[in-house]
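As structure tokens, one chain now follows by itself in the form predicted on its own.
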Amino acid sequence: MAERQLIQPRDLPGPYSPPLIGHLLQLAGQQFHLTLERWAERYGPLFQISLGLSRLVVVSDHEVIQRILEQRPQSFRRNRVVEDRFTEIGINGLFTAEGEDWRQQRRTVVAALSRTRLANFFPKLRTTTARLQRRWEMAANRSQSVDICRDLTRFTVDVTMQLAFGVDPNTLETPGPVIQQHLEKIGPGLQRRFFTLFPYWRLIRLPPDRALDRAVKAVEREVEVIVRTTRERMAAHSDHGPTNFLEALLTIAEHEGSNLTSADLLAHTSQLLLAGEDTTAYTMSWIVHYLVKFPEAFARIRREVDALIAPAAALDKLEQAIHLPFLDAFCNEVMRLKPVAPNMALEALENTEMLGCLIPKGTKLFVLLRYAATREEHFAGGDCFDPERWLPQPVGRGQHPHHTQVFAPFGAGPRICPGSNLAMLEIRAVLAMLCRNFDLESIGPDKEVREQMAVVMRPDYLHLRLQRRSLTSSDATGPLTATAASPLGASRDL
């Protein structure tokens, strides 16, 4: 039998590519991920694009993507352009690290985010959630609109810094400039640099580049103070072992033979802070957006929360967080349709075959993580919003596609997000508090909230008016009834 002939990346289908610049103009905006998904619909599970003179292969087949994720980091790595852009601004940590650097950092992060550590941390999370509640109560009392993304970013900054660094910045109750305001400028600045024909900023700094420089310097100053304070605390309590991520890194740095420099410490801590606040805050923002879109689901989650925690105002015990099945189903469905990381830029470290194409070592890839999860062959009514699909189905109900392995909001394989447990705990705590205490009202023009990419995917505009809920005996207590648990009708979303 004749050996099958593999095609080359240049032979793959793809959209017309203008000379020299390729598809840079089409992919330079903050919705480039939607362009790639439209092209996947047209050109199939494997197609080519070009950025300048560089050819990239775009992958949307879920089986190939699963193999890629499972073979990281030995066979595939993050695109070097992403690493270079983070390295240039001095923030090259776990997110962009490769090889032994990644393995060492991951062990430290996993230890800092262990279930035991999260259990001990829960009282602080409860305190931070109460601060967010007070902030929203003040806005409700004054009939002020709430920038949901910004407030939730403040919340996640406070949580991440307490757990990872042992420092409570209390950005939720701090007036004036806070570290969160500098962090939120870094993502858009980096996004611009990912899709440039050449690194012009090495020759001349434009206003956006100077703004990025200022934001990075401000974060560096904040982190330097945290590192110095932590060193002093560790010296005063030298008989205690590391209690957080930063202390573990400092212990490694001071160990004989360690090559971890002060610049490395700054990079690792800054990137952990950047990753910890963006991804969770924007995930919660998308979920809140869907609560407004589907008020019947909001009411159902409220009844579920009331039955679990009444008369308390929020989750009071860690164990309560795992007893909110419909809230979890709702979150899963939002993350299926609005994952904050809908795609991933990777690079092949060895020759490999994909769907009859030989992918040479060094080939750059775009992996479309969301695309497969919206396809009919993997999820029935894939473009419809239906949280019910994540709940146990009645006996006798017809079988419908529900391939959970295609659902990867936190990634998959060895490099799956180590902070997923913390993220879900934060999400449950905030949503339980929100549904228990507030009513939601959209404001501004009646328009669809758009997806905007700035390293991760966020809502472009999400301002709401919160009204304090008037708790009564009829809606604040009591077990869920059959009516309360009635199915939420599927609604088309994408």
Ligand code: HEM
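Nothing here was measured: the structure is a model prediction, and the numbers come from that model. Residue indices: 1-based, along the sequence shown.
Quick note: we don't show the form predicted together with the named molecule, though the next part is all about it.
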Residues Thr160, Thr280 and Arg415 all lining the named molecule in the predicted complex, heavy atom within 4.5 Å: yes
Test of understanding: in the predicted complex, would Arg106 fall inside 4.5 Å of the named molecule by heavy atoms? yes
Could you tell me if Arg78 has a non-hydrogen atom within 4.5 Å of the named molecule in the predicted complex? yes
Is there a non-hydrogen atom of Val167 within 4.5 angstroms of a non-hydrogen atom of the named molecule in the predicted complex? no
Can any non-hydrogen atom of Val449 be found within 4.5 angstroms of the named molecule in the predicted complex? no
Of these, Ile309, Met344, Ala348, Val216, which has a heavy atom no more than 4.5 Å from the named molecule in the predicted complex? Met344
Taking 4.5 Å between heavy atoms as the contact cutoff, choose which of Leu27, Ala454, Ile427, Leu462 touches the named molecule in the predicted complex. Ile427
So if I measure heavy atom distances to the named molecule in the predicted complex, which of the stretches 272-280, 225-233, 372-380, 122-130 falls within 4.5 Å? 272-280
Contacts with the named molecule in the predicted complex, stretch 409-424 (heavy atom within 4.5 Å): Pro409, Phe410, Gly411, Ala412, Arg415, Ile416, Cys417, Pro418, Gly419, Leu422, Ala423
